[in-house]
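Consider the single chain below, provided in structure tokens and representing the form predicted on its own.
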Amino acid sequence: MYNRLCILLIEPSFLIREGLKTMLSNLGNPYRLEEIDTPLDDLEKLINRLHPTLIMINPLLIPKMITLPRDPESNFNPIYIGLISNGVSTKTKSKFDNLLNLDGDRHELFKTMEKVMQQLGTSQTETDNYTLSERELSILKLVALGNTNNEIADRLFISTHTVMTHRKNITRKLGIKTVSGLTVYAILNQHIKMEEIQGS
């Protein structure tokens, strides 16, 4: 039995938040998520109220961040992950337990999150569990671009039943049930581009 994580996600970008939630779902751990998308004046007060296990922060939303709240004496010692990009200073990076480089590739991001889950003692997923086959990737792209099962079957010269089977496998591997969620996943993992969606 795995403990349910309480995760505090502090990030202004909707697209990034959705991508992180998708990644967390892929790791297979039950969790409760609190989202903040606006600048915070009192991080400590929020943390004391929520008592999260894992805190994922974009430093831009904590403008006065000097030290991150911790209280080892009360056994409250959350893991802090900095949601950074390539331009973040070394001083800012040093404040976090782990860094998630938003400019990194898919495997780098998953590797970092797996490491964090192992630190929390909740890792239970092998990386192969979320690897899609070439056919599944083809279907994912077409789904994200708004194609129906029948349209996908016609384009790939397969039966509608086969398309539905592949979609079930994609949902199982990624933990994403909605078309909008699959679209966000496809964009974040560079399987499709925003221009393609707008064009479709």
Partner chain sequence: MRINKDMKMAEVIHLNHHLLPVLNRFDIHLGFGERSVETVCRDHALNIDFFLEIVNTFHDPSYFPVRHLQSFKASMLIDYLQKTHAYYLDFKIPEIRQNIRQITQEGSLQNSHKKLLEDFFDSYQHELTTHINKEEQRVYPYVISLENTLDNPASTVKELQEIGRYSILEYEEDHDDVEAKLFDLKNIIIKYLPTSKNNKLLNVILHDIFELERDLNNHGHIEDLILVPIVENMEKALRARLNKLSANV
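Numbering follows the first chain given and starts at 1. If you superpose the two forms and keep the largest set of C-alpha atoms that fall within 1.5 Å, you have the rigid core. The model shown is predicted, which means the values in this text are computed figures rather than measured ones.
Heads up, the form predicted in complex with the partner chain isn't pictured, but that's what we're talking about next.
Trainee: Give a yes/no on whether Pro59 approaches the partner chain to within 4.5 Å in the model of the complex, heavy atoms considered.
Mentor: Taking the distances in the model of the complex, the answer for Pro59 is no, it never comes within 4.5 Å of the partner chain.
Trainee: Answer for Gly181 alone: is it within 4.5 Å of the partner chain in the model of the complex, judged on heavy atom distances?
Mentor: Yes.
Trainee: Please tell me whether any heavy atom belonging to Asn26 falls inside 4.5 Å of a heavy atom of the partner chain, as the geometry stands in the model of the complex.
Mentor: Because a heavy atom of Asn26 falls inside 4.5 Å of the partner chain in the model of the complex, the answer is yes.
Trainee: Should Ile187 be classed as touching the partner chain in the model of the complex when contacts are defined as heavy atoms within 4.5 Å?
Mentor: Ile187 belongs to the contact set for the partner chain.
Trainee: Ok, Leu140, Ile47, Leu174, Ile152: which has a heavy atom sitting within 4.5 Å of the partner chain in the model of the complex?
Mentor: Selected option: Leu174.
Trainee: Any idea which of 144-152, 48-56, 33-41, 166-174 reaches within 4.5 Å of the partner chain in the model of the complex, heavy atoms considered?
Mentor: Among the candidates, contact is made by 166-174.
Trainee: After the core is matched up, is the C-alpha of Ile16 off by 2 Å or more between the shown form and the other one?
Mentor: After core superposition, the C-alpha of Ile16 moves less than 2 Å between the shown form and the other one.
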